[in-house]
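Form predicted alone, single chain, as structure tokens, below.
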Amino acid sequence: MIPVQYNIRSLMVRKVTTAATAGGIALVVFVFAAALMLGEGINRAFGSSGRQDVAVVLRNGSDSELSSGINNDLVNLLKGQPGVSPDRAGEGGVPAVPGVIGEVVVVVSAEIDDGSGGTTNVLIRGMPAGGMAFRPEAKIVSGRAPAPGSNEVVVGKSITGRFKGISPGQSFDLRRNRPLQVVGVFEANGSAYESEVWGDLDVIRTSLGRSAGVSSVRVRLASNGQFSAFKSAVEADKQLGMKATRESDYFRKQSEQTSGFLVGLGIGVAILFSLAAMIGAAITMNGAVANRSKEIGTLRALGFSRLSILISFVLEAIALALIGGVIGTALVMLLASVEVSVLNFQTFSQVVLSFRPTAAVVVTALVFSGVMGLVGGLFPAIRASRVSPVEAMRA
């Protein structure tokens, strides 16, 4: 085998072309890894929103809370279904935790607070008094919880300050002359809940003229294993006309369209860029072959086989690509603290996401860069292995 030092020296001698090719590959890896990190951010936001021991009940035919509607008299019937956990009384000032809660979900138009005058949708969730206690992961981090029966609301940490009126001490209209006063900020382990506004169920649905029902019902189960029995009982009862889904599965399905679109778009762009990067790598390696024909001839004359020369040039191309891959991966880590606002295709509301770096993303990005080097350097390596030692020495 040809010593690796030979390839390292070759890359160092061709500093300009090495830097240009590595820079192109770094750009491709940056875009590719950013798409994967955003996908991980979506999975984290929606994956951490749901619990295994909670069921989401919707009207038959509905695929989201926004399109569902359930009459109030049917909500209490769910309490008697198998596997449902009974209400837990609060002690020592801790709020009572209900076993079943009905909630109303709606989206409202809000002006983005960046001076552009643009608007987008924000999801408003109306919940009963025990709604926050039902979700132990939700904590007030600024201000206070809204008073029951009032027009007070709390806003998720991810969207506070992003929209006009949706910040502590401010107010915004749910409908004309139906203001909601923001009194606090909550966090929920970075989940999609942090992109919502929470308020009192009766106040919100009365303002919307929907006092007779709720959008969805959440049911806390006695244990994870009780879900199948609960689901079977609910869906077999024709009087109810409902379907049940684990909350974790519900949010996973809610994220599929958004995740698929954003990750697919990013990877598609990266693949298009990678074609240009591989062509650049091929041109660089072809130039190296042309400039080093005498060296190749000498190597052949010294007894190195065609296979040794082919492997040497392939490894050089892969090393060049990996240099770019390491640079691109290092740069994309700067996005770890960046948050972006995207549209949830299921609810048509804004969800704030973060780029989430993981070991899998890093490994995948480096493998991707290595593959680009392999593909881009293979044909120049084959050309190098076919150089005749006699003709090379005459050149």
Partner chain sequence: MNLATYARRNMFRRRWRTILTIVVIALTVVIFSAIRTVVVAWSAGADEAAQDRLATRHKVSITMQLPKRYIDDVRAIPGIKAASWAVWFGGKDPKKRIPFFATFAADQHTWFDVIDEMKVPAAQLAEWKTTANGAILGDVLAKTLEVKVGDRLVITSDIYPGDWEFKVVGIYEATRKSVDRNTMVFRWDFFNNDPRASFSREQIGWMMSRVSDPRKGAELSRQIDKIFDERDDQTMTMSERAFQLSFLGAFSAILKAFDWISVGILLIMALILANSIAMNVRERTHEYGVLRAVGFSAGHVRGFILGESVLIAALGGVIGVALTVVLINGLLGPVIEESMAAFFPYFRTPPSVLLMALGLALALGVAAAVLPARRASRLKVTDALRRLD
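This is a predicted model, so every value here is computed, not measured. Residue numbers count along the first chain shown, from 1.
From this point on, the text means the form predicted in complex with its partner chain, which you will not see here.
In the predicted complex, the one of Leu335, Val326, Val362, Val342 near its partner chain [non-hydrogen atom within 4.5 angstroms]: Filtering the options by heavy-atom distance leaves Val342.
Of Leu275, Ala147, Val141, Leu302, the one that lies within 4.5 Å of its partner chain in the predicted complex (heavy atoms): Looking at the other structure, the residue within range turns out to be Leu275.
Using the partner position in the predicted complex, report whether Thr298 sits within 4.5 Å of its partner chain, counting heavy atoms only. No.
Please tell me whether any heavy atom belonging to Ser228 falls inside 4.5 Å of a heavy atom of its partner chain, as the geometry stands in the predicted complex. Ser228: no, not in contact with its partner chain in the predicted complex.
Just checking whether Gly287 would be counted as a contact of its partner chain in the predicted complex - the rule being heavy atoms within 4.5 angstroms. The answer is yes: Gly287 has a heavy atom within 4.5 Å of its partner chain.
is_contact(Arg176, its partner chain) in the predicted complex, heavy atom dist at most 4.5 Å: Yes - in the predicted complex, heavy atoms of Arg176 and its partner chain come within 4.5 Å of each other.
Stretch in contact, per heavy atom within 4.5 angstroms of its partner chain in the predicted complex, of 181-189, 130-138, 256-264, 150-158: Comparing against its partner chain in the predicted complex, the contact stretch is 256-264.
Counting only heavy atoms, which residues in 8-35 are within 4.5 Å of its partner chain in the predicted complex? Heavy-atom contacts to its partner chain in the predicted complex: Arg14, Val16, Thr17, Ala20, Thr21, Gly23, Gly24, Leu27, Val28.
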